[in-house]
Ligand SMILES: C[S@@+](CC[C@H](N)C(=O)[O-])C[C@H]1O[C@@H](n2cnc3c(N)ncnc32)[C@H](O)[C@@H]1O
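Next up: just one chain, as structure tokens, the form predicted on its own.
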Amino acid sequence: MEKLDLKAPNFTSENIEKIADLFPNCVTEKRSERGEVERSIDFDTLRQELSASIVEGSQERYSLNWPGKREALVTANSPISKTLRPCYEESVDFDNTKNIFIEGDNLDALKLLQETYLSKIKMIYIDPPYNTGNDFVYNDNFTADREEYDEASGQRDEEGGRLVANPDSNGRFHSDWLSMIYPRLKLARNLLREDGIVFISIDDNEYTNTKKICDEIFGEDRFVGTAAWKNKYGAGAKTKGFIDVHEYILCYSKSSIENISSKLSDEQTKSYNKKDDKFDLRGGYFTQPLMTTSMDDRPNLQYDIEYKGEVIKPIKQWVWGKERLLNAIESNEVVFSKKTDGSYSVRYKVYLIGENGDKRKGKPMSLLNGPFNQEGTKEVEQLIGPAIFSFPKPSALIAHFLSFDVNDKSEKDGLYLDFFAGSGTTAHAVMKLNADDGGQRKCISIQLSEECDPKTVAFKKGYKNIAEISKERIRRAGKKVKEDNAGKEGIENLDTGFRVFKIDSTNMVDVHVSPDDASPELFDTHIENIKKDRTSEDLLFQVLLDWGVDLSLPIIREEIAGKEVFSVDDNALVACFDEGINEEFVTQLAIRKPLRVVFRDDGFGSGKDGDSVKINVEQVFKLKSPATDIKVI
């Protein structure tokens, strides 16, 4: 039995825990007045979390620091004025697919997805730039001054270059890379479910810094493990010391998890080498002890059993309750072996195939011997041609991690995210997994439209940027997965499509009027607040983002009383961006009783007439559908 604490609560410790849950990066260690190292709050970092400008302050403490860290935190928290515009012509099966491809800066994309996908992502895999001295990092110079901030954050239409070279001769070589990855991981954490996990591929150049930065963002106790991956066969490239044939995959969880399991490796599968009459149905098995001394005393596990007329007592207690153990004995799933001292060894059978017909999973190994990079290269070459994309990860590697179960909860659905999509390997892996086990997993891929060098094979083959390579690889991969599984039951329903969105400036026009120019007549004048080049679909998806509605929900377009109407997920949201909204039209919408409805602000007319129509529209909904949430843009 647990003892009562009989002490007054430690509110300071409780408050630190609450802050740690909201801002893990604000928890640090310091030396107390008694000279003991204790957990505490980094108030400078907490102040920075709650401030839109850079907060000065320094105090000696255990932490990861670098020039530009505060700017990176401001970058993570700074709002942007952008949107996602749908691109139907580059999509595959736009109307039916649940997968999403976003073209643009992943920092912007992660900010735009915060409302809609907050705490909804099951698993994230990323393969960021390794900072080898020969690659590029994002230029997130958001805090130099207001003009530079406006340009970099998309407050203006000028895009400019988003990637800059980061040679190892750069005095801020590691700092620039850390400033790039920090805000992205911080925003990504918000998107994970409470039982969500993230996998990060990295090599020796930034492994140490990546682990430290994840310890800060997720918390040290959220570190699940590191897999050392032998990523190539053959000699590999010679470095200053060892021959380099490995990389790492770091894994962190959003909250504390009890268990994680993966598909069995070939070596693990070999351990199921015993056979019985259930072999054809459940494969081989190995045995595990049913007596335990490692668990806390539990009276319900302390009982005697009878076997062949003999009473068997556990050394301390059994792993299972009595009813479960007796049922297992009846089913011939328990093995009794008499020892030389007359006592019994009692073990239970662990079959390769579970009772539900799925192949058993086990603890993931921290050492992976393949699949190799050469396989990833061959995979992409077969789809889109040779020398178009360098060092793509093999889809089997990503599928291995995406198939992990958390807390023994086996799921074949859920939402997966890759915000350094590269050649589109994660999307490919998700489709292969779904084809393999009939799953319904969905994937969000994000890739910057990084320009291809005109000298490269990719450019000469017609690919202007990396995002174009990603999309084409996913298109062809979807077709190949279906071809490879032709004849398999239900394969025709496999979702191999994706909705393409491109990050752009907001659809809304910023209207600035100085006090000297303001007049009563101005407020009666019709002012166009939507950019001329934007479509109704553009407006619809900005509304979905602002309202936090899933971007993959089904959308029906129809005409009602001469107006174009969009219905999202049946009645979850109804939108009309036409002008000339009147009571007759609104009455037909209200009869449907939608959860939400949205119109253009100027769709009712301008001035007093528009205000009058708005009031009438609100009254119609109050009468016909009082629960409907009405908004305008």
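In this text the structure is predicted, and so the values were computed from the model without any measurement. The first residue of the shown sequence is 1; numbering continues from there.
This next part talks about the form predicted in complex with the named molecule, which is not shown.
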### Task
Pick the stretch from 447-455, 116-124, 219-227, 322-330 whose residues have a heavy atom within 4.5 Å of the named molecule in the predicted bound form.
447-455
### Query
Every residue in Asp105, Pro128 and Phe389 with a non-hydrogen atom within 4.5 Å of the named molecule in the predicted bound form?
yes
### Message
Going by heavy atom distances of 4.5 angstroms or less, which of Gly196, Pro364, Gly422, Gly478 would be at the interface with the named molecule in the predicted bound form?
### Response
Gly422
### Task
State the residue from Ile466, Ile100, Leu191, Leu539 whose non-hydrogen atoms include one within 4.5 Å of the named molecule in the predicted bound form.
Ile466
### Heavy atom of His428 within 4.5 Å of the named molecule in the predicted bound form
no
### Task
Answer with yes or no whether Arg85 is in contact with the named molecule in the predicted bound form, where contact means some heavy atom within 4.5 Å.
no
### Message
With the partner left out here, check for me: in the predicted bound form, does some heavy atom of Arg184 sit within 4.5 Å of the named molecule?
### Response
yes
### Message
Only counting heavy atoms and a 4.5 Å limit, does any residue of 272-301 reach the named molecule in the predicted bound form, and if so which ones?
### Response
none
